[in-house]
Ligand SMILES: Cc1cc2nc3c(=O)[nH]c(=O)nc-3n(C[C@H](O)[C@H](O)[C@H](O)COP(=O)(O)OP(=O)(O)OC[C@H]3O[C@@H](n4cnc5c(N)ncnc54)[C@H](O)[C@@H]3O)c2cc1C
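One chain comes next, on its own, written as structure tokens: the form predicted alone.
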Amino acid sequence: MEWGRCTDRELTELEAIVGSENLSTGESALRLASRDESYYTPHIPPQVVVMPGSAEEISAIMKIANPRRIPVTARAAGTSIEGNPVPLFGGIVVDVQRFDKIVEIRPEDFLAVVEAGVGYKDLNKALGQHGLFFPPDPGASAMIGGMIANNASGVRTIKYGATKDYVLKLTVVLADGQIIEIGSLATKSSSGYDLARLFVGSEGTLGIVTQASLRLAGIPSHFSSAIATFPTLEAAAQAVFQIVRWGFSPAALEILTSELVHMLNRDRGLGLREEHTLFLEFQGASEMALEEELGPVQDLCHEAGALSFEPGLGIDERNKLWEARYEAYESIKHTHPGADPFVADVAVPISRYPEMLQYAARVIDDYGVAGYPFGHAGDGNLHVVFMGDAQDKEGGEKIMKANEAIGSRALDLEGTCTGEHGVGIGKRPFMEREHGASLELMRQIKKLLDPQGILNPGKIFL
């Protein structure tokens, strides 16, 4: 398949749209736009990075690119770790950083209208003044557009769900430059196909989201956190299963191996007991309600073999623990200076989580690679951060084989090859096995909306 290129003519046309100050062909800008936080090395760098400021400007860009088959890759914060915004065939990178406005906050309707380049942390800071928040929390400094593209979730998924559960309405620019609005501001609708959900998780392969209306939640009035430690990963995972099985609803339920706890102690000075550990958080309307929930959860943990259970952490200690959990990825990188991170991300039914966790630990040992399993245990989501040298062919092959084994096992257990990081580059080989005949339907949808195939080509499909 032959791709178009940006000649001087196209560059002049693009500059007329966005202005010279919002277009770059400099080596440093192109290098930055050639990669994200992932293990994947840059492919063919883009020829130009443009920073439009409106849907109309993106529309004009698409009207240049589409008839000439110039690849277009949308980019938000670049914090993804599956190569999702990495351009594979050069072309144009559309950077949405200028789409940084919180257009409207409507506390009475529990919704906000924001542009794609707004950071979710900045959004939540503004929402906090109204006693509201946007629950999906991927941990990194992600932008709303990227979160929609990957259907990001995070530590609160067990209670609040993922990004797709909060998207009400979208403004999207299609491959041919058409600007469409999909969805509505109602919290429910039975009116036709749910097109907004179609674009959530599509990784910029169907259109470029410029604005989103998002459902919000009220900030809970009371919190309670706890730490439980276990002698084995199997015991910790079994406790997770029992907590969910009996209908308790923690806001977060995270599992960390003893090796990772040791690393966090050393890197963050936490002083935690170095055993396999669960971090738990509950939210409620009163302290009494939280105490009534924590008591039975503590009993379930001890029945699963817990070595300790420490409830009722103070706010400072709770914040310190969660900060450390959020920074686990960075702590792993600090421990392996100069190495490149590769993150496996799978999810399985909650009853199979103990088996998945044990299998991942065996794979790390069998392949002799540096790997750290942890994850959002309450919704069956497991991450394994492998550390290696992307330029080391033999070591890289071991990591890729370990990742393949973990992804295949998740599918064996009726799960998914990617829980929240998207398909990007690395998960494409799993798609046919996971989706079967329905993958062809996805291809047909892609072809209908992007017949020239210019939107983020090479992603999702092999």
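All of these numbers come straight from a predicted model, not from anything done at the bench. Residue numbers run from 1 along the displayed sequence.
Form predicted in complex with this ligand: not shown, discussed below.
- Although the partner is absent from this view, Pro138 contacts this ligand in the predicted bound form, with a non-hydrogen atom inside 4.5 angstroms.
- Remark: Gly177 does not count among the residues lining this ligand in the predicted bound form, judged by a heavy atom distance of 4.5 Å or less.
- This ligand in the predicted bound form comes within 4.5 Å of no heavy atom belonging to Pro71.
- This ligand is not shown here, and in the predicted bound form it never comes within 4.5 Å of any heavy atom of Glu397.
- Residues with any non-hydrogen atom within 4.5 angstroms of this ligand in the predicted bound form fall in just one of 316-324, 196-204, 243-251, 290-298: 196-204.
- In terms of contact with this ligand in the predicted bound form, the residue from Leu278, Val96, Ala112, Ala347 that brings a heavy atom within 4.5 Å is Val96.
- Between this ligand and the residues Ala116, Ile158, Leu382, Ala236, the one pair within 4.5 Å by heavy atoms in the predicted bound form involves Ala116.
- Within 4.5 angstroms of this ligand in the predicted bound form, the stretch 76-94 places a non-hydrogen atom from each of Ala76, Ala77, Gly78, Thr79, Ser80, Ile81, Asn84, Pro85, taken in sequence order.
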